[in-house]
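One chain follows as structure tokens, the form predicted on its own.
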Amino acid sequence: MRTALQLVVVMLLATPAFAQVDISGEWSRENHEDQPHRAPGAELGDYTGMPINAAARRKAESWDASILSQPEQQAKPHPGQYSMRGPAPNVRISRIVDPVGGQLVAFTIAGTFGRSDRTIWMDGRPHPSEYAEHTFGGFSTGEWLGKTLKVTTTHLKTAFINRNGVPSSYKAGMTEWYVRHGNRMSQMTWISDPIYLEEPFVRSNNYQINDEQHTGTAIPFETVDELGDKPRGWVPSWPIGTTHTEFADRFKIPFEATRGGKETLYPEYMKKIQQWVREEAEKSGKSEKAEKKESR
């Protein structure tokens, strides 16, 4: 009886207390969501759907894409806050297993732009001190919630969450959830930032397993002097106070609706947009009547 009880205890200890799913493999991103934001990149002034505050808006409005021509900017990878979003982050997720005990130690993610490859520690280790080094990939730990892998990331560098200057600070934290559905995987990202966000910024990505894909070794950046005619110390930027209305004008969207903020995330905000559209139509109608009257 005692032997049987001991055997049951050993079996229980050897069995995971919760379901785990293998998310390793070569994964191709399904680019069917927000393609203009993820491939060519979001336009200046397009902050729609982003819960940014006034500080983030000011920083984004002063950002000039020419800054990417600076040698010190050319070698920057996409940060963890953005790297799984695009463009084209076809990735390889690998399992790191303890060779003696067989326990899962970590997952690694390789293949994002600039190869800021990430390690997701699964062995229960704590996050380092807040004074530890911040990197583009950050420090990530994972835990299983049933069949969902929850990843918590800290120690991220100041970087961006959209490729049109929308910033993310070094105080930002990121939580991700990875859920595998057969040959497909969904990934949801939740970013909190007390410096630049009024509310957490949430978005999702989808991947499909690709047995023919091979994520090779990282290709080093080669920095060159792209704009040699500029003076030493030149920093491309738009003057403080600049507003970018081109996006609103091109799509005939009320300018205020392109400025972002937590209010713009909710369905009720459509009522404000509709009111602005009506007011603009009324103004246009009055202007046309006045012009006709003058012409007479």
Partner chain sequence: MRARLLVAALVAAAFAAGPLFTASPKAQQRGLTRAEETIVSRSSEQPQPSAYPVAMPPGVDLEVLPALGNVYLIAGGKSNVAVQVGDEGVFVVDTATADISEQVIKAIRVLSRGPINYIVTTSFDPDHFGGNERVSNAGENPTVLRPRLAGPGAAVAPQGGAAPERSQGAIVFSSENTLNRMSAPTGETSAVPFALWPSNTFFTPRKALSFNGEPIEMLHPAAAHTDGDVMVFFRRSDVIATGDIINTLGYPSFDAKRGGSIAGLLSALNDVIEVTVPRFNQQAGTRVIPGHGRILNEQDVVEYRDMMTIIHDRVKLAVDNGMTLAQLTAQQPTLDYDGLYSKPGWTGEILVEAIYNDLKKPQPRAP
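Source: prediction; values computed, not measured. Positions refer to the first chain, counted from 1.
Just so you know, the form predicted together with the partner chain exists too; it's not on screen, but the next bit is about it.
Engineer: Which of R115, R203, R180, R163 has a heavy atom within 4.5 Å of the partner chain in the predicted complex?
Structural biologist: Looking at R115, R203, R180, R163 one by one, just R115 meets the 4.5 Å heavy-atom criterion.
Engineer: Though the partner chain is not shown, can you say which of N31, T48, Q70, S28 has a heavy atom within 4.5 Å of it in the predicted complex?
Structural biologist: Only one listed residue qualifies here, and that residue is Q70.
Engineer: The partner chain is absent from this chain, but in the predicted complex, do A75, V105 and A132 each have a non-hydrogen atom within 4.5 Å of it?
Structural biologist: Spot residues vs the partner chain: full contact, yes.
Engineer: Name the stretch: of 181-189, 96-104, 207-215, 141-149, exactly one has residues whose heavy atoms fall within 4.5 Å of the partner chain in the predicted complex.
Structural biologist: Flagged stretch: 96-104.
Engineer: With a 4.5 Å heavy atom cut-off, would you call K230 a contact of the partner chain in the predicted complex?
Structural biologist: No - in the predicted complex, heavy atoms of K230 and the partner chain never come within 4.5 Å of each other.
Engineer: Does any part of T245 reach within 4.5 Å of the partner chain in the predicted complex? Heavy atoms only, please.
Structural biologist: No, T245 sits far enough from the partner chain in the predicted complex that none of its heavy atoms falls within 4.5 Å.
Engineer: So in the predicted complex, is the partner chain close enough to T119 to count as touching (4.5 Å, heavy atoms)?
Structural biologist: Yes, T119 is a contact residue.
Engineer: Might D225 be said to contact the partner chain in the predicted complex, defining contact as any heavy atom within 4.5 Å?
Structural biologist: D225: no contact with the partner chain in the predicted complex.
Engineer: Need the contact residues for 155-185: heavy atom within 4.5 Å of the partner chain in the predicted complex, sequence order, or none if there are none.
Structural biologist: Contacts from 155-185: H155, K157, T158, S169, Y170, K171.
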